[in-house]
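Same chain, two versions here, written out as C-alpha cells and called structure 1 and structure 2.
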Structure 1
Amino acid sequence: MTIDWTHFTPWTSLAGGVLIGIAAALFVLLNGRIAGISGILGGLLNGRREDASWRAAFIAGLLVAPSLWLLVAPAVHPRIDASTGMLLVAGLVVGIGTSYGSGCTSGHGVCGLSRLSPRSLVATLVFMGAGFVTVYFARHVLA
C-alpha cells in the first residue's frame, strides 16, 4: 500500500463529514428520524402515501445542494471510470442490496455507528469489506 498524497484531503473531508453529521443531527432532533438515504428513497417507492412529503423534501434538499454549492465554490469534477453498462449493474445491485439490508453508508454507516448499533456495525463492516474486495478484483486481478 502507498498513500495517494495528491488526492488526500484530510481537512475538507473532515469538514464535509462534520456537515454530514450536523445534517443527521438536525434530522434526528427536528424530525425524529434517521438520515438514511436509501431508506428515505425506499419509503417513497413502496406506495405508502403518509410520509411522502418529508421524504420528498429531504431528497429535494440533496438535489438542490450542488446549485447552492456553485454559488460559493467552484464545481467539483468527478472522475468516473465505470461504463454505462457497469453503472447500470452497480445501480441495480445497490438498489436491491440497500433495500434488503435496510440501509447504506448514511443510515448504517453514519447514523447507525453514531447510535452505537451493533446491527449497523455489522452492516458497515460487511459493505466496506465487500467494497474493498470488489475494488481489489476490479483493479488488481481482472484489470
Structure 2
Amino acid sequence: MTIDWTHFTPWTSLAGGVLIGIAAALFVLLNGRIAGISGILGGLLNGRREDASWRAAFIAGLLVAPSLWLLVAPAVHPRIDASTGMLLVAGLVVGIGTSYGSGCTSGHGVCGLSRLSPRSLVATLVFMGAGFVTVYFARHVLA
C-alpha cells in the first residue's frame, strides 16, 4: 500500500473534523438536538410544521455551503469510479440502512459516539465494517 502524497491533506482534514465537532456540539448545546442528517431530513419530509423551518435551514445550509466555498477556493473535481446507476442504488441502500439503523454516520458516528452512546458505538462499528467488506469485495473479489 502506498500513500498518494499529492492528495494527502492531514491539516485540512483535521480542520474539517474540528469544525464538524464544534458545529455538532453547538447544535446539541443550543438546540438540544442531534445533528444527524438523516433524522433532520426525515423530520422535514414527514411534514411536521412546528419544526420545519430549522430543518429546512439546516438542509439549505448543506446545499449552499459548497457554492459559497467556490467563491474562495478552486473547484474540486473528485474522481468517482462508479456509474450513475450504481450511485443511485448505493444512495438507496444507504437510505434504507439509515432507516433500519435509526440514524446515519453523522448522527451515530459523530454525535452518538461523542455522547458515549453504546447504541451508536454498535451502529458505527456495523456500518464501518459493512463499508470495509463492501470495498474489499468490490475491488478484490468482483474486479
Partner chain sequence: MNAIAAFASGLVFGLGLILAGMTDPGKVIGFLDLAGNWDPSLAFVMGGAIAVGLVAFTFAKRRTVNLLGGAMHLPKTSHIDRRLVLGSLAFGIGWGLAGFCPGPALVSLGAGQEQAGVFTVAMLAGILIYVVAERLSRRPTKHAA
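Keep in mind that this is a model prediction, so the values were computed, not measured. Numbering for residues begins at 1 and runs along the sequence of structure 1. The term rigid core refers to the maximal set of C-alpha atoms that superpose within 1.5 Å between the two forms.
Practice problem: Of these two copies of the chain, point out the form predicted together with its partner chain. | Solution: It is the first structure (the form predicted together with its partner chain) rather than the second.
Quiz prompt | Threshold 2 Å Cα movement between structure 1 and structure 2 at Phe137, rigid core reference | solution = Phe137: C-alpha displaced by less than 2 Å between structure 1 and structure 2.
Quiz item: In Å, how far apart are the CA positions of Phe8 between structure 1 and structure 2 with the rigid core superposed?
Solution: For Phe8, the C-alpha ends up 2.7 Å from its position in the other form.
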